[in-house]
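There is one chain below, alone, in C-alpha coordinates, taken in the form predicted on its own.
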(Lines give C-alpha, C1' and ligand atoms only; values in the text may rest on other atoms or scores of the structure.)
Protein backbone atom coordinates (compact mmCIF):
# COMPACT_ATOMS: atom_id res chain seq x y z
CA UNK A 1 0.00 0.00 0.00
CA UNK A 2 1.26 3.45 -0.88
CA UNK A 3 -0.05 5.52 2.03
CA UNK A 4 1.11 8.72 0.35
CA UNK A 5 -1.77 8.30 -2.06
CA UNK A 6 -4.34 8.25 0.76
CA UNK A 7 -6.09 11.53 1.52
CA UNK A 8 -8.69 12.53 4.08
CA UNK A 9 -11.15 13.04 1.26
CA UNK A 10 -10.65 9.46 0.02
CA UNK A 11 -11.23 8.17 3.54
CA UNK A 12 -14.33 10.32 3.96
CA UNK A 13 -15.78 9.04 0.70
CA UNK A 14 -15.00 5.44 1.63
CA UNK A 15 -16.61 5.73 5.09
CA UNK A 16 -19.73 7.30 3.55
CA UNK A 17 -20.03 4.48 0.98
CA UNK A 18 -19.60 1.74 3.60
CA UNK A 19 -22.12 3.32 5.95
CA UNK A 20 -24.75 3.86 3.26
CA UNK A 21 -23.99 0.73 1.27
CA UNK A 22 -24.51 2.68 -1.94
CA UNK A 23 -22.42 4.87 -4.22
CA UNK A 24 -25.44 6.98 -5.15
CA UNK A 25 -26.44 7.59 -1.52
CA UNK A 26 -22.85 8.46 -0.54
CA UNK A 27 -22.69 10.88 -3.48
CA UNK A 28 -25.90 12.54 -2.30
CA UNK A 29 -24.63 12.88 1.28
CA UNK A 30 -21.29 14.29 0.15
CA UNK A 31 -22.78 16.56 -2.54
CA UNK A 32 -20.70 14.82 -5.23
CA UNK A 33 -21.60 13.14 -8.51
CA UNK A 34 -21.75 9.33 -8.68
CA UNK A 35 -18.86 9.15 -11.20
CA UNK A 36 -16.70 11.20 -8.82
CA UNK A 37 -17.40 8.82 -5.94
CA UNK A 38 -16.72 5.79 -8.10
CA UNK A 39 -13.42 7.32 -9.23
CA UNK A 40 -12.41 7.98 -5.61
CA UNK A 41 -13.15 4.34 -4.72
CA UNK A 42 -10.96 3.13 -7.58
CA UNK A 43 -8.09 5.37 -6.46
CA UNK A 44 -8.44 4.08 -2.93
CA UNK A 45 -8.42 0.41 -4.03
CA UNK A 46 -5.34 1.04 -6.18
CA UNK A 47 -3.53 2.70 -3.27
CA UNK A 48 -4.35 -0.19 -0.92
CA UNK A 49 -3.68 -2.87 -3.51
CA UNK A 50 -6.58 -5.04 -2.36
CA UNK A 51 -10.31 -5.20 -3.23
CA UNK A 52 -12.30 -3.29 -0.64
CA UNK A 53 -15.96 -3.67 -1.61
CA UNK A 54 -18.20 -6.34 -3.09
CA UNK A 55 -21.84 -6.30 -4.15
CA UNK A 56 -24.44 -8.39 -2.41
CA UNK A 57 -28.14 -8.25 -1.60
CA UNK A 58 -28.56 -4.88 -3.34
CA UNK A 59 -25.83 -3.07 -1.43
CA UNK A 60 -22.07 -2.76 -1.22
CA UNK A 61 -20.35 -4.78 1.50
CA UNK A 62 -16.74 -4.72 2.67
CA UNK A 63 -14.13 -7.35 2.04
CA UNK A 64 -11.81 -8.42 4.88
CA UNK A 65 -9.29 -5.75 3.88
CA UNK A 66 -12.14 -3.29 3.42
CA UNK A 67 -13.37 -3.87 6.99
CA UNK A 68 -9.91 -3.14 8.42
CA UNK A 69 -9.61 -0.02 6.29
CA UNK A 70 -13.06 1.10 7.46
CA UNK A 71 -12.01 0.74 11.12
CA UNK A 72 -8.76 2.62 10.50
CA UNK A 73 -10.55 5.32 8.51
CA UNK A 74 -13.09 5.86 11.28
CA UNK A 75 -10.31 6.15 13.86
CA UNK A 76 -8.38 8.66 11.78
CA UNK A 77 -11.42 10.78 10.95
CA UNK A 78 -12.64 10.60 14.55
CA UNK A 79 -9.28 11.87 15.81
CA UNK A 80 -9.46 14.80 13.44
CA UNK A 81 -13.06 15.48 14.46
CA UNK A 82 -11.72 15.70 18.02
CA UNK A 83 -8.97 18.00 16.79
CA UNK A 84 -11.56 20.20 15.06
CA UNK A 85 -13.52 20.37 18.33
CA UNK A 86 -10.28 21.27 20.11
CA UNK A 87 -9.56 24.06 17.64
CA UNK A 88 -13.08 25.41 18.05
CA UNK A 89 -12.67 25.44 21.84
CA UNK A 90 -9.20 26.94 21.50
CA UNK A 91 -10.42 29.74 19.25
CA UNK A 92 -13.32 30.36 21.60
CA UNK A 93 -10.92 30.81 24.53
CA UNK A 94 -12.20 27.66 26.28
CA UNK A 95 -8.88 25.82 26.05
CA UNK A 96 -5.21 26.69 25.83
CA UNK A 97 -2.79 28.56 28.02
CA UNK A 98 -1.48 32.06 28.66
CA UNK A 99 0.71 33.89 31.15
CA UNK A 100 0.22 37.07 33.16
CA UNK A 101 3.00 39.14 34.70
CA UNK A 102 1.83 41.42 37.50
CA UNK A 103 3.38 43.79 39.98
CA UNK A 104 3.36 42.74 43.63
CA UNK A 105 0.43 44.87 44.73
CA UNK A 106 -1.90 43.40 42.09
CA UNK A 107 -1.54 39.92 43.59
CA UNK A 108 -3.90 41.03 46.36
CA UNK A 109 -6.85 41.38 43.99
CA UNK A 110 -6.23 39.60 40.68
CA UNK A 111 -6.97 36.16 42.20
CA UNK A 112 -10.51 37.41 42.88
CA UNK A 113 -10.92 37.58 39.11
CA UNK A 114 -8.85 34.52 38.23
CA UNK A 115 -10.74 32.27 40.66
CA UNK A 116 -14.17 32.60 38.98
CA UNK A 117 -12.49 32.53 35.56
CA UNK A 118 -10.72 29.24 36.36
CA UNK A 119 -14.00 27.70 37.50
CA UNK A 120 -15.69 28.79 34.27
CA UNK A 121 -12.79 27.64 32.04
CA UNK A 122 -11.07 24.72 33.80
CA UNK A 123 -9.25 23.62 30.63
CA UNK A 124 -7.27 26.87 30.37
CA UNK A 125 -3.83 26.82 31.99
CA UNK A 126 -2.88 30.21 33.48
CA UNK A 127 0.66 30.99 34.66
CA UNK A 128 1.31 33.95 36.96
CA UNK A 129 4.62 35.76 37.37
CA UNK A 130 4.71 38.19 40.31
CA UNK A 131 7.49 40.63 41.09
CA UNK A 132 8.43 44.25 41.61
CA UNK A 133 8.00 46.84 38.91
CA UNK A 134 11.59 46.59 37.67
CA UNK A 135 11.30 42.82 37.25
CA UNK A 136 7.98 43.15 35.42
CA UNK A 137 9.40 45.84 33.12
CA UNK A 138 12.20 43.44 32.21
CA UNK A 139 9.67 40.73 31.38
CA UNK A 140 7.69 43.28 29.34
CA UNK A 141 10.75 44.30 27.33
CA UNK A 142 11.67 40.66 26.68
CA UNK A 143 8.06 39.88 25.68
CA UNK A 144 8.03 36.99 28.14
CA UNK A 145 4.28 37.05 28.82
CA UNK A 146 0.93 37.53 27.13
CA UNK A 147 -0.69 39.98 29.56
CA UNK A 148 0.85 42.46 32.00
CA UNK A 149 -0.67 44.27 34.97
CA UNK A 150 0.77 47.65 35.96
CA UNK A 151 -0.58 50.59 37.91
CA UNK A 152 1.99 52.88 36.29
CA UNK A 153 2.35 51.40 32.78
CA UNK A 154 5.51 51.40 30.72
CA UNK A 155 5.76 53.18 27.39
CA UNK A 156 2.78 52.21 25.26
CA UNK A 157 4.50 52.79 21.91
CA UNK A 158 4.24 49.05 21.24
CA UNK A 159 1.33 48.22 23.55
CA UNK A 160 -2.35 48.70 24.28
CA UNK A 161 -3.72 49.37 27.77
CA UNK A 162 -7.08 49.11 29.48
CA UNK A 163 -7.92 50.20 33.02
CA UNK A 164 -9.92 47.74 35.07
CA UNK A 165 -9.55 48.59 38.76
CA UNK A 166 -9.06 51.62 41.00
CA UNK A 167 -5.93 51.39 43.14
CA UNK A 168 -6.28 54.13 45.77
CA UNK A 169 -3.11 54.92 47.76
CA UNK A 170 -3.71 55.81 51.40
CA UNK A 171 -1.56 56.93 54.33
CA UNK A 172 -1.51 54.32 57.10
CA UNK A 173 -0.36 54.51 60.71
CA UNK A 174 -0.39 52.15 63.66
CA UNK A 175 -3.72 51.97 65.45
CA UNK A 176 -3.70 54.45 68.31
CA UNK A 177 -1.64 57.04 66.42
CA UNK A 178 -2.33 60.49 67.97
CA UNK A 179 -3.68 61.87 64.68
CA UNK A 180 -5.87 58.87 63.80
CA UNK A 181 -8.95 60.42 65.37
CA UNK A 182 -8.66 63.73 63.51
CA UNK A 183 -11.16 64.49 60.75
CA UNK A 184 -8.49 65.98 58.49
CA UNK A 185 -4.70 66.06 58.53
CA UNK A 186 -2.27 68.03 56.41
CA UNK A 187 0.66 66.03 55.05
CA UNK A 188 2.98 68.67 56.45
CA UNK A 189 2.08 67.47 59.96
CA UNK A 190 3.50 64.01 59.18
CA UNK A 191 6.78 64.82 57.44
CA UNK A 192 8.91 64.59 60.56
CA UNK A 193 7.77 61.02 61.15
CA UNK A 194 9.57 58.12 59.58
CA UNK A 195 8.00 56.71 56.42
CA UNK A 196 8.45 53.12 55.34
CA UNK A 197 9.05 52.93 51.58
CA UNK A 198 9.40 50.33 48.85
CA UNK A 199 12.50 50.23 46.66
CA UNK A 200 13.16 53.02 44.11
CA UNK A 201 11.19 52.36 40.94
CA UNK A 202 8.18 50.96 42.79
CA UNK A 203 5.01 52.44 41.27
CA UNK A 204 3.58 53.30 44.70
CA UNK A 205 6.79 55.05 45.72
CA UNK A 206 7.00 56.86 42.36
CA UNK A 207 3.46 58.17 42.69
CA UNK A 208 3.94 59.23 46.32
CA UNK A 209 7.21 61.05 45.55
CA UNK A 210 5.59 62.72 42.54
CA UNK A 211 2.67 63.84 44.76
CA UNK A 212 5.10 65.29 47.32
CA UNK A 213 7.00 67.15 44.61
CA UNK A 214 3.79 68.63 43.19
CA UNK A 215 2.90 69.90 46.67
CA UNK A 216 6.40 71.25 47.38
CA UNK A 217 7.01 68.79 50.20
CA UNK A 218 9.85 66.42 51.10
CA UNK A 219 10.08 63.53 53.53
CA UNK A 220 12.12 63.37 56.69
CA UNK A 221 13.54 60.03 57.84
CA UNK A 222 12.71 56.96 55.76
CA UNK A 223 13.26 53.22 55.91
CA UNK A 224 13.25 51.09 52.78
CA UNK A 225 11.57 47.67 52.98
CA UNK A 226 11.33 44.84 50.48
CA UNK A 227 7.59 44.23 50.21
CA UNK A 228 4.14 45.65 50.86
CA UNK A 229 3.53 42.95 53.46
CA UNK A 230 6.73 43.86 55.33
CA UNK A 231 5.69 47.52 55.31
CA UNK A 232 2.20 46.68 56.56
CA UNK A 233 3.63 44.62 59.42
CA UNK A 234 6.18 47.36 60.15
CA UNK A 235 3.48 50.02 60.38
CA UNK A 236 1.41 47.83 62.72
CA UNK A 237 4.51 47.39 64.91
CA UNK A 238 5.00 51.15 65.22
CA UNK A 239 8.08 51.44 62.97
CA UNK A 240 6.60 54.36 61.06
CA UNK A 241 3.96 55.52 58.59
CA UNK A 242 3.51 54.43 54.99
CA UNK A 243 1.60 55.03 51.78
CA UNK A 244 0.07 51.76 50.62
CA UNK A 245 -2.55 50.58 48.19
CA UNK A 246 -5.83 50.17 50.01
CA UNK A 247 -5.96 46.65 48.56
CA UNK A 248 -2.91 45.65 50.60
CA UNK A 249 -4.93 46.07 53.79
CA UNK A 250 -7.02 43.09 54.88
CA UNK A 251 -10.80 43.66 55.28
CA UNK A 252 -10.31 43.78 59.03
CA UNK A 253 -7.14 45.63 60.08
CA UNK A 254 -7.44 46.46 63.81
CA UNK A 255 -3.69 47.09 64.09
CA UNK A 256 -3.60 49.75 61.34
CA UNK A 257 -5.46 53.04 60.84
CA UNK A 258 -5.98 54.95 57.59
CA UNK A 259 -5.15 58.59 58.28
CA UNK A 260 -7.54 61.24 56.81
CA UNK A 261 -4.80 63.16 54.99
CA UNK A 262 -5.90 66.06 52.78
CA UNK A 263 -5.81 65.32 49.02
CA UNK A 264 -5.63 61.58 49.69
CA UNK A 265 -6.16 58.93 48.51
CA UNK A 266 -3.83 59.35 45.55
CA UNK A 267 -5.84 58.04 42.63
CA UNK A 268 -4.20 55.20 40.74
CA UNK A 269 -5.49 52.44 38.48
CA UNK A 270 -4.41 48.96 37.56
CA UNK A 271 -4.30 48.31 33.86
CA UNK A 272 -4.01 45.28 31.62
CA UNK A 273 -1.23 45.83 29.08
CA UNK A 274 -0.96 43.89 25.82
CA UNK A 275 1.99 44.20 23.45
CA UNK A 276 1.06 44.96 19.84
CA UNK A 277 4.06 43.01 18.53
CA UNK A 278 3.12 39.73 20.22
CA UNK A 279 0.33 37.44 19.06
CA UNK A 280 -2.24 37.17 21.84
CA UNK A 281 -3.41 33.58 22.48
CA UNK A 282 -7.14 32.93 22.15
CA UNK A 283 -7.25 32.00 25.84
CA UNK A 284 -5.76 35.35 26.89
CA UNK A 285 -8.29 37.18 24.75
CA UNK A 286 -11.03 35.06 26.31
CA UNK A 287 -9.81 36.02 29.78
CA UNK A 288 -9.96 39.73 28.93
CA UNK A 289 -13.50 39.24 27.61
CA UNK A 290 -14.43 37.40 30.81
CA UNK A 291 -12.93 40.19 32.92
CA UNK A 292 -14.82 42.84 30.93
CA UNK A 293 -18.12 41.06 31.53
CA UNK A 294 -17.70 39.86 35.12
CA UNK A 295 -15.54 42.45 36.88
CA UNK A 296 -18.48 43.82 38.87
CA UNK A 297 -19.19 40.34 40.25
CA UNK A 298 -15.62 39.67 41.36
CA UNK A 299 -14.51 42.82 43.16
CA UNK A 300 -16.14 45.55 45.23
CA UNK A 301 -18.08 47.95 43.03
CA UNK A 302 -16.31 51.00 44.46
CA UNK A 303 -13.01 49.76 43.02
CA UNK A 304 -14.27 48.95 39.52
CA UNK A 305 -13.02 51.11 36.65
CA UNK A 306 -13.92 48.86 33.74
CA UNK A 307 -12.46 50.20 30.48
CA UNK A 308 -11.67 46.79 29.01
CA UNK A 309 -14.19 47.12 26.19
CA UNK A 310 -11.93 49.77 24.68
CA UNK A 311 -8.90 47.47 25.00
CA UNK A 312 -10.78 44.64 23.29
CA UNK A 313 -11.84 46.95 20.49
CA UNK A 314 -8.25 48.09 20.07
CA UNK A 315 -7.05 44.47 19.88
CA UNK A 316 -9.71 43.66 17.30
CA UNK A 317 -8.70 46.66 15.20
CA UNK A 318 -5.01 45.78 15.50
CA UNK A 319 -5.67 42.23 14.26
CA UNK A 320 -7.47 43.38 11.11
CA UNK A 321 -5.37 43.40 7.92
CA UNK A 322 -4.31 46.88 6.86
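What you see is a predicted model; the values in this text were computed from it and never measured. Take the two forms, find the largest set of C-alpha atoms that superpose within 1.5 Å, and that set is the rigid core. Numbering follows the first chain given and starts at 1.
There is another form of this protein, the form predicted together with a further copy of the same chain, and it is not shown here; the text below is about that form.
Screening 126, 190, 113, 76 for any heavy atom within 4.5 Å of a further copy of the same chain in the predicted bound form leaves a single hit, 76. With the partner omitted here, the residue from 56, 35, 254, 51 that has a non-hydrogen atom within 4.5 angstroms of a further copy of the same chain in the predicted bound form is 51. Just one listed stretch, out of 269-277, 284-292, 254-262, 65-73, contacts a further copy of the same chain in the predicted bound form at the 4.5 Å heavy atom level, and that stretch is 65-73. Residue contact check for residue 177: none of its heavy atoms lie within 4.5 Å of a further copy of the same chain in the predicted bound form. In the predicted bound form, residue 214 stays away from a further copy of the same chain, with no heavy atom inside 4.5 Å. Shown alone here, residue 141 lies farther than 4.5 Å from a further copy of the same chain in the predicted bound form, counting heavy atoms only.
a further copy of the same chain is not drawn, but in the predicted bound form it has a heavy atom within 4.5 Å of residue 86.
Contact annotation for 97-122: a single residue, 97, has a non-hydrogen atom within 4.5 angstroms of a further copy of the same chain in the predicted bound form.
In the core-superposed comparison between this form and the one not shown, the C-alpha atom of residue 51 has shifted by at least 2 angstroms.
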